[in-house]
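Quick heads-up: it's one chain on its own, the form predicted on its own, in structure tokens.
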Amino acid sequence: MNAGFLFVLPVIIPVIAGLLVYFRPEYREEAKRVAFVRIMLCVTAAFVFLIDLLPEAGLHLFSLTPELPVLFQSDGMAKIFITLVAVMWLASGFFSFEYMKHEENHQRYYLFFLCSFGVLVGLGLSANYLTMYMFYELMTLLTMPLVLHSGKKEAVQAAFKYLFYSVFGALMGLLGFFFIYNYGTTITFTAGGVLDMAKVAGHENKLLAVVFLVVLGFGTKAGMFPLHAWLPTAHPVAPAPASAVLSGVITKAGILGVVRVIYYLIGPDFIRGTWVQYAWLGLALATVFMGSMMAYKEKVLKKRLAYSTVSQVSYVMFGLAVLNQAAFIGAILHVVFHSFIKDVLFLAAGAIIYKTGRTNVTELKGIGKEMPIVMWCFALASLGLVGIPPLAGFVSKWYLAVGSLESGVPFFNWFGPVILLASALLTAGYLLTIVIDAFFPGSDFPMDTLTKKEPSYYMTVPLIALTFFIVWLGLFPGGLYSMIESFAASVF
């Protein structure tokens, strides 16, 4: 099989599968629908993993004009992103087979869930700005119905808020496309940047302003202040498996956009030491601290986790804004680790809601006695998010701090690690208190009223598998580190 053609299969297979699930009447029957979706998820993931094993390659799909081709490529960044997409869609998809039993409109849910899978693989494989932008907009349109799914008033409001913020951010990204097309030698992603400095001469300030708007635009999907408000609104109303991929993967699509534009089109040297870098660092750190504070105060479990995502994804934005290799490696590591951790946390929250109906953190005392597997996974993921060694989150935060200290950026080189440490303490406050209450509710708690409420293997197996990788990647991060280091060196 031609390696280039292989790129198309994990994009079109889930899209076709989603359409079949929705339009074929036999898939109204639960058993047939679950069996078909399960096979399609596994087949798509298998093609993604096969791409990971092959050498870097590309594919010219077609051209809108001779200057505007639609291209795919499988470089290091692409392989990391599509692998994350595949793993998270497998875990959330299998989890949903049980969870969606208490939801309606199953066929519609799997239509958009599967189509989003294919589009996100296409986004990860995009080789130029045009292709990335096309898939980026498709991603927004196909994931909005996941937020809208219940059809309740708050879901409708949240979905339109998500759509408005996303489209507004994408328009700022489109502005960058026009300027890079004008001032660059190509729109194809090239490590180190593509700016034609002869054309840029005399227009530096204008281009810097555009770059800042592009960072804000893609930062919208990543939940960076001031365009973060969609995230804590959308997560609580979406089904838990959808919340898991919104937090674990969709926010990383914004990160992917920033990485591609800054490191593969503009070039980090162009903004290093400019007001754009300082403003970006300031917004990222403000978001880190603000998100942690809001999570600490929030009582609704899924909304607390949503504010946590606002904070944690901006760890990545901070690492990218430092503009050195160590911080870049830390940022990409945190993309991977946060995806695993936050998927576990949202899926665990979904299992709790599904089995008990409890949605507030104040209602979770003693839940560890009722759902020990779920809460042990929640506990290990929480420790990883805090950054406790030897779990995955520690490694990424270590490199973020080291990169910041080595950067020499005035003020931010030491202030960054201080904010990251303060955020870690707040993270411990809003997550570990849940764990403590879950397993140690106090001597006056009526333990005799508790009964085992562990969910089925469709829920527990994805949780255990993801938690295993949180531990494994924390203990043995060398392979992932080497992979990231190899393409990080090319952009500096």
Partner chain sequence: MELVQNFPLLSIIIMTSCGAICTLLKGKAAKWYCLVCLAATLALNLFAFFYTLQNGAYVYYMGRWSAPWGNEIKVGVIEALLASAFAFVMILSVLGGLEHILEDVESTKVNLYFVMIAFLMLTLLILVYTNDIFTAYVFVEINTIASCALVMMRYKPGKTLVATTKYMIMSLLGSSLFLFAVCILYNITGHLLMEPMGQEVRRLYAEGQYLFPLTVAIAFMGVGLSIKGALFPFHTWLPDAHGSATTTSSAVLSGLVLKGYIFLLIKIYCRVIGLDVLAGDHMPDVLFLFGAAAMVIGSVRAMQQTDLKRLLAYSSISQVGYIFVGLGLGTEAGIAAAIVQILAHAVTKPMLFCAAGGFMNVSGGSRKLQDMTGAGRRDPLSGAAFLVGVFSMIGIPLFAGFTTKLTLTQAALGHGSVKCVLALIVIIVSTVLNALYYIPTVSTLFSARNDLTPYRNRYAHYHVPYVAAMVLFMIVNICVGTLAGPLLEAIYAGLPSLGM
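Everything quoted here is computed from the prediction, not taken from an experiment. Residue numbers count along the first chain shown, from 1.
Another form exists, predicted in complex with the partner chain; not displayed. Remarks below refer to it.
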Open item on the list: Going by heavy atom distances of 4.5 angstroms or less, which of 200, 300, 405, 163 would be at the interface with the partner chain in the predicted bound form?
Closed with: 163
Task: The unique member of 375, 364, 130, 326 whose heavy atoms fall within 4.5 Å of the partner chain in the predicted bound form - done: 130
Open item on the list: Whether residue 208 contacts the partner chain in the predicted bound form should be assessed with a 4.5 Å heavy atom distance threshold; does it?
Closed with: no
Open item on the list: Since only the chain is shown here, I'm wondering whether residue 457 would be in contact with the partner chain in the predicted bound form (any heavy atom pair within 4.5 Å).
Closed with: no
Task: Touches the partner chain in the predicted bound form: residue 63 (any heavy atom, 4.5 Å) - done: yes
Open item on the list: Taking the partner chain as it sits in the predicted bound form, is residue 414 near enough to touch it, meaning that at least one heavy atom pair lies within 4.5 angstroms?
Closed with: no
- [ ] Specify the contacting stretch among 78-86, 416-424, 174-182, 242-250, defined as having any heavy atom within 4.5 Å of the partner chain in the predicted bound form.
- [x] 174-182
TODO: Using the arrangement in the predicted bound form, list in sequence order the residues of 103-127 with any heavy atom within 4.5 angstroms of the partner chain.
DONE: 108
